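Take a look at this single chain, the form predicted alone, given in structure tokens.
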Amino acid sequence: MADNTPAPIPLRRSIWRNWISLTGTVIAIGSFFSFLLLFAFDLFAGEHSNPYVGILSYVVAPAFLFLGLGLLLFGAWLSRRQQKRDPDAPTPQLSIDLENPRDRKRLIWFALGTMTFLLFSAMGSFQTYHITETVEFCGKVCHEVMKPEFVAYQNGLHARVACVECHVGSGAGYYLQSKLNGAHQLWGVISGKYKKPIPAPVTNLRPAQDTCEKCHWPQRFSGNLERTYHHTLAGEDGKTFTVRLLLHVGGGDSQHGLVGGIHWHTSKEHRVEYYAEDDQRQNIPWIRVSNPDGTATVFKTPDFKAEPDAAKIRTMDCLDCHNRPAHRYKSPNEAVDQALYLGKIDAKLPAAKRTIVDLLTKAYANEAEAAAAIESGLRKQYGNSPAATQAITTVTTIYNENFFPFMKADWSKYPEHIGHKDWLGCFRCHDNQHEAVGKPGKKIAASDCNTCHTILAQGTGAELTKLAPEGQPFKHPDVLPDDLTCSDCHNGKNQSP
């Protein structure tokens, strides 16, 4: 008797059953799992979150996710092409029989492999998260781009403060801003679209109350600080000139002392606001001082007739003077003075200051060219003596720590507002040019040398033992016109004190 049962129709082969799609599925699952972990770490880190974690969470992990999905679709597309060429080929069947010892063993191994893969994904994500929190990651991930900031940071006073403590801080708003900024920086490095040198972020830094004052307690600022500055003149004999003074730091809170001194500018009782016409805040034509009684006085320079943009008026805080707290590049003059005083360069070398500063201030294409020029110049001047060899080592180190040709970064690109020697600093406002509106003749005076500091002694040798507690006028080693400010001559490489 004939069997009339119709023959089974072969099932069409699934386009998803191929090794490429399977590999893509594994990558997609692993990257999605890593994304969830990184997102959780980033979310619960709160104020201690690192902006670069956002790059991993929202750029790197999704990139691998899309890579996996792309492989999944690409494998399916290839299978579909093969299926069109051989449409009658039966599809492989995937069946698991738990009563079959072989199938049970395969299932157990598959489960163990999956858990191991997810475990290593979790460990890798966790370790990657902690790597992004390190200072080395912030400084080295972009290599040459961030090298100037990283080197200056390592040699600065805040080398033990993590980058995120100042550049991110706490708060949801700045948290989101740091994520967007981190992604922007990544794109800049990848595309090569970044400025040389990197501009100082003065316009988007957080207020000092949110960062600096976490460690520095302004209510406790009071009194004076003694400082001594050693300078070497540019003559053949290497004569020194030393200034010993008291800095009138003062305080800004009447509950803990007299309000006065340098920190009067940031006191709660007196609010100082200003408008700057340039991004580096060197040109300040408008100032407003508000008093505890509610009165306020506006000062303007003679050539500023308009009213400032209210959105660009800034209230003074720590960073208006301490604007290079962690990424400071020493000027050639300062760096060589310090090396001579510490004995790292032999002061007996004839005209050492002038010779070395001239070598440091020349333009070089890279660090290797600078090192070769420094060695050649000092050998030519001082021969092969041990003092010359030591000077070569020291001057090369000074160059590598303060000059970065690739990024065009050095002291000359970043004005420093504290003090008034190499840059205008205090004299941006205290210039005898800002006159009170409606009060002719009332000006912000150009302070004398004992307003913010008292010169106790100056000169060399026995002169430094004759202290003057009441202060003494500054005596420049050279005779100068009265209308000059310090920065008119001192530009970082001028070789007088």
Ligand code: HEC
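Quick caveat: nothing in here was measured; it's all calculated off a predicted structure. All residue numbers refer to positions in the sequence shown, first residue = 1.
As for the form predicted together with this ligand, it is not shown, yet the points below apply to it.
Participant: Heavy atoms within 4.5 Å of this ligand in the model of the complex: which stretch in 381-389, 287-295, 101-109, 358-366 meets that?
Facilitator: Contact criterion met by 287-295 only.
Participant: Are any of the heavy atoms in Asn323 no more than 4.5 Å from a heavy atom of this ligand in the model of the complex?
Facilitator: It does: once this ligand is placed as it appears in the model of the complex, Asn323 has a heavy atom within 4.5 Å of it.
Participant: Is Ala63 close to this ligand in the model of the complex, meaning a heavy atom pair under 4.5 Å apart or at it?
Facilitator: The answer is no: Ala63 has no heavy atom within 4.5 Å of this ligand.
Participant: Evaluate Pro201 for contact with this ligand in the model of the complex, applying a 4.5 angstroms cut-off between non-hydrogen atoms, and reply yes or no.
Facilitator: Contact with this ligand, yes.
Participant: With the cut-off set at 4.5 Å between non-hydrogen atoms, does His216 touch this ligand in the model of the complex?
Facilitator: Judged by the heavy-atom cut-off of 4.5 Å, His216 is in contact with this ligand in the model of the complex.
Participant: Please identify the residue among Leu456, Cys429, Leu37, Ile27 with any heavy atom within 4.5 Å of this ligand in the model of the complex.
Facilitator: So the residue touching this ligand in the model of the complex, by this definition, is Cys429.
Participant: Looking at Val437, Leu69, Leu464, Ala446, which has any heavy atom no more than 4.5 Å from this ligand in the model of the complex?
Facilitator: Residue within 4.5 Å of the partner: Ala446.
Participant: Give a yes or no on whether every one of Leu245, Leu319 and His327 sits within 4.5 angstroms of this ligand in the model of the complex by heavy atom.
Facilitator: Result yes, every residue of the spot touches this ligand.
Participant: At a 4.5 angstroms cut-off on non-hydrogen atoms, which residues of 400-424 are near this ligand in the model of the complex? List them in order.
Facilitator: Sequence-ordered list: Tyr414, His417, Ile418, Gly419, His420, Lys421.
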